[in-house]
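As structure tokens, one chain now follows by itself in the form predicted on its own.
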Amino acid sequence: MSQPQQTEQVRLAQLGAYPFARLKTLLANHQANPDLLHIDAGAGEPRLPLPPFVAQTLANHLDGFSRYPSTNGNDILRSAIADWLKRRYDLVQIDPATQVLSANGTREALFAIAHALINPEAANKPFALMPNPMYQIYLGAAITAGARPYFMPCCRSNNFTPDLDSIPSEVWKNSAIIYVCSPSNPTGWIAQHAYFAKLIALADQYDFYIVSDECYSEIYSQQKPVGLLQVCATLGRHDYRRCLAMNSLSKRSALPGLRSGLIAGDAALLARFAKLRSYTGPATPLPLQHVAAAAWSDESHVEKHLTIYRQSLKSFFSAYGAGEVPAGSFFVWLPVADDEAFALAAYQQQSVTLLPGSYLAADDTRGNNPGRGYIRIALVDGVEKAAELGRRLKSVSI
């Protein structure tokens, strides 16, 4: 076996079981309460009615299934994405030909980008920084790309903020990439303008790349969250140097099965990413690209979804009787005495599936896990189900 093959196998072996595989193991050989209709609040999968334009747009472009699609996205889609970015983030300029790419949802892009930007052969094995708890794709991407994960604990004590000031200069000097998630999955934290501006200055100082996961950007309790490219523009950085933003129609448009998202920003970095994707071939079928273009061009369905998410969060907390509405996302990051025990009890007693917070975080060098003692609850089924969840979880005993 060659050395590169050994290295790849070693990296893959470092990956633990994915959170939902761990959850399946936890619940195995246990029965949900048969007297109650099951509620799946574990997966962040919006289950709202399809936007009205989806079926007709798809029908109008069925002949596209007979042609190979471009991995970069067709001109119509990339122009629709660029137009949305301009409207949403007040961007004066963004070139759909060089600063925008289509992606198969943020998951594909967040994982693959690490392989395009990280050099595992660097003299000092590079760091990939990420919040902790996190979307587990960041960790998998860092490990398989040959980087050293560096965890930024997000706890109640720091208001769930990935603290830039706590990172030693030696880490910054050897960093290749940092993942930011705003609004955060799972905590609901939102990065402010000053946070992104400080991070951009650090990227300039230490020469690393910023990848901003913004797929919950259209789900917020009050003001629209600021975006990385928006902050770049206010700083006069219209080339978006060292900065990449990712977003998706999975949450914004409640179309997780469409598998369509975007990556935008630094043209030089996007060219590297496009080269990688031309070999891996994750192209979205042409008919689905037309549906995606229609989705990025319409705001009425997004406004309806936002109303539902806001009402769902209020209904949950009203029924549960404790807690605070998060600043962003449709997740409730609920403190409990024991996250695994609570998830198992909720399943057995109330026929509810939840995700233990420790499954979304990594242990630090002292064995501390910032997700331990929390449950992630996805409010994705509408207002009535959210209220029902609150009532059921209030009755769970461990």
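Please read all numbers here as calculations on a predicted model, not as lab measurements. Position 1 is the first residue in the sequence shown; the rest follow in order.
FYI, the form predicted in complex with a small molecule isn't displayed, but the following is about it.
J.: Looking at 189 to 197, 215 to 223, 161 to 169, 145 to 153, which lies within 4.5 angstroms of the small molecule in the model of the complex, counting heavy atoms?
T.: In short, 215 to 223.
J.: Of His115, Arg107, Arg88, Arg237, which residue is found within 4.5 angstroms of the small molecule in the model of the complex when only non-hydrogen atoms are counted?
T.: When the small molecule is considered in the model of the complex, the option within 4.5 Å is Arg107.
J.: Heavy atom within 4.5 Å of the small molecule in the model of the complex: which of Trp84, Phe273, Tyr138, Phe316 fits that? Just give me the one.
T.: For this set of options, the contacting one is Tyr138.
J.: Examine Ala264 and determine whether its closest non-hydrogen atom to the small molecule in the model of the complex is within 4.5 angstroms.
T.: Contact check for Ala264: no, nothing within 4.5 Å of the small molecule in the model of the complex.
J.: Is there a heavy atom of Arg242 no more than 4.5 Å from a heavy atom of the small molecule in the model of the complex?
T.: Because no heavy atom of Arg242 falls inside 4.5 Å of the small molecule in the model of the complex, the answer is no.
J.: Hey, in the model of the complex, is Ser253 touching the small molecule, heavy atoms inside 4.5 Å?
T.: Ser253: no contact with the small molecule in the model of the complex.
J.: Can you tell me if Gln289 lies within 4.5 angstroms of the small molecule in the model of the complex, counting non-hydrogen atoms only?
T.: Answer no; every heavy atom of Gln289 is more than 4.5 Å from the small molecule in the model of the complex.
J.: Judged by heavy atoms and a 4.5 Å cut-off, are Arg78, Gln99 and Val211 together in contact with the small molecule in the model of the complex?
T.: Checking in the model of the complex: none of Arg78, Gln99 and Val211 is within 4.5 Å of the small molecule.
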